[in-house]
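Only one chain comes next, encoded as structure tokens, the form predicted on its own.
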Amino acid sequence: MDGGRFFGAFRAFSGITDAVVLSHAPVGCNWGTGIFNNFSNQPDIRHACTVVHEREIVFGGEEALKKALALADEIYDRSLLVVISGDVPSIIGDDVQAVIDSVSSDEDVLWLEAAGYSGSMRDGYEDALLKLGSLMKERGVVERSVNLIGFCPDDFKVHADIKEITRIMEDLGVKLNCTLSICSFEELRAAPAAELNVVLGQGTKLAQYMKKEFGVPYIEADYPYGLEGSIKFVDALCEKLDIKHDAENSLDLEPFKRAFLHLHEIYGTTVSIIGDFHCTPMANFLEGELGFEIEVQSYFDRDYHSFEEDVRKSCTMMLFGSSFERGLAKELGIPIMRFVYPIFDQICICDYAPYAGFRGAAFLTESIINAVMGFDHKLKNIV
């Protein structure tokens, strides 16, 4: 179920809001990455493709890439052009760098070899961020400013989550310097001005590079799901920046009191969960704060068939994952709660209902309860 290195690279590069991503690959690769990326932001189409066909496979795709680069210069008003080389060009040995060097361009052009078979989606994301790091420039340090590293533009609830995490940091007197990789080209270049990098699940390679090149320290933190997860996030930030703050003062238990009976009824429910790096912090929230019992927990880069079989053999009464788990939930006649990429049968267009942070804990709990209450086991086709 892992999208492979190509998908990871695309997700990282497409987050630069004034960049254009050129996929040097067959059209299907470009369609697959783009369709997931644009579900909740349909006007934001900044990707193109060289459309590798049989001719290019036989005679090479360098000429097609050269034409595409020229067209990109002519058509797009952008600050950065990124070329992602997919499976076919990697197999036939296209010299992508030589083609880029042969095309005069006043703008920055990056490229990354990202054949899907050459690594995981996380590998592609990590290496793409590292490539973007080469564009950063030394800046004076802005005190109590932070870069958040690990986000993708097509993560579910991503904009709402960033807004809530930013609000939490502002309450501490901490300024958001840059969110990687959901930022402009100029914000990317100015990222070394931050006093601290906070890695949320992925992006450690970039954080290590920035520490070596610019002296920016970093911490790694779990994605802040739930009240306990948010407290741990705040405590880690305060400890590193030497801020005195009692995170428990930020707790608002009133929403949970309103749903006391509902929470009581779902306590002890057996659930299974799958995902990427969001999976463990979500499982901690479900088990530690809502009282669910985790039957099966797995990750997209592991054996998906084994996950399905383990769930079928378990007493799972609810699934947590992506849109890909919809079929399994339908088969078992149980509700599903989508929380992790890719989600293509729901949209998220509002930025005031996060799943992360203190406020997100209430919205997340509300969504879970509604998924249970709205499910009719007699209507197995509706999940």
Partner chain sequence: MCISGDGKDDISGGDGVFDGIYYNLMLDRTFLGIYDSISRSAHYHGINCKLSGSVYVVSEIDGAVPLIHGPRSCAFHQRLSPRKLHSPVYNMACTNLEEGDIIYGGEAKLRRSICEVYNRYQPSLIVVLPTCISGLMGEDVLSVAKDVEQTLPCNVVYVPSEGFAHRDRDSIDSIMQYVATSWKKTSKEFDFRGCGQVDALKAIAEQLMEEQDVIENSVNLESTGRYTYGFNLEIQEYRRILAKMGTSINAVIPTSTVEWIKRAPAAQLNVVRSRTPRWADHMRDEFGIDQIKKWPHHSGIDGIGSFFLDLGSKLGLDGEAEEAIDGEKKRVSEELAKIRQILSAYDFAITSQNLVFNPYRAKVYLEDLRVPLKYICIDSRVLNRLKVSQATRNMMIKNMNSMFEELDSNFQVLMDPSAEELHNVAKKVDYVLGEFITSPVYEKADEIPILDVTPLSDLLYRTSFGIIVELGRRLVRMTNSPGRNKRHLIVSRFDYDSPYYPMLKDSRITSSISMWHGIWRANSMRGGS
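Because the structure is predicted, anything quoted here is derived from the model rather than measured. Residue numbers count along the first chain shown, from 1.
What comes next is about the form predicted in complex with the partner chain, which does not appear here.
The chain here is shown without the partner chain. Which stretch in 72-80, 130-138, 286-294, 227-235 comes within 4.5 angstroms of it in the predicted bound form, by heavy atom distance?
It is 72-80 that comes within 4.5 Å of the partner.
Is there any non-hydrogen atom of Ile266 lying within 4.5 Å of the partner chain in the predicted bound form?
No - in the predicted bound form, heavy atoms of Ile266 and the partner chain never come within 4.5 Å of each other.
Is there a heavy atom of Tyr117 lying 4.5 Å or less from a heavy atom of the partner chain in the predicted bound form?
Yes, Tyr117 is a contact residue.
Any non-hydrogen atom of Ile91 within 4.5 angstroms of the partner chain in the predicted bound form
Residue-level check for Ile91: yes, a contact with the partner chain.
Any non-hydrogen atom of Ala48 within 4.5 angstroms of the partner chain in the predicted bound form:
Heavy-atom contact with the partner chain at 4.5 Å: present for Ala48.
4.5 Å heavy atom contact with the partner chain in the predicted bound form for all of Asp155, Val199 and Phe277
Not one of the three qualifies.
Tell me, which of Arg258, His305, Lys212, Lys313 has a heavy atom within 4.5 angstroms of the partner chain in the predicted bound form?
Of Arg258, His305, Lys212, Lys313, the residue with a heavy atom within 4.5 Å of the partner chain in the predicted bound form is His305.
So the partner chain isn't shown here. In the predicted bound form, which residue out of Met337, Val52, Val340, Ile334 has a non-hydrogen atom within 4.5 Å of it?
Looking at the other structure, the residue within range turns out to be Val52.
Those residues of 322-336 which, in the predicted bound form, come within 4.5 Å of the partner chain by heavy atom:
Those in contact are Ser323, Phe324, Arg326, Gly327.
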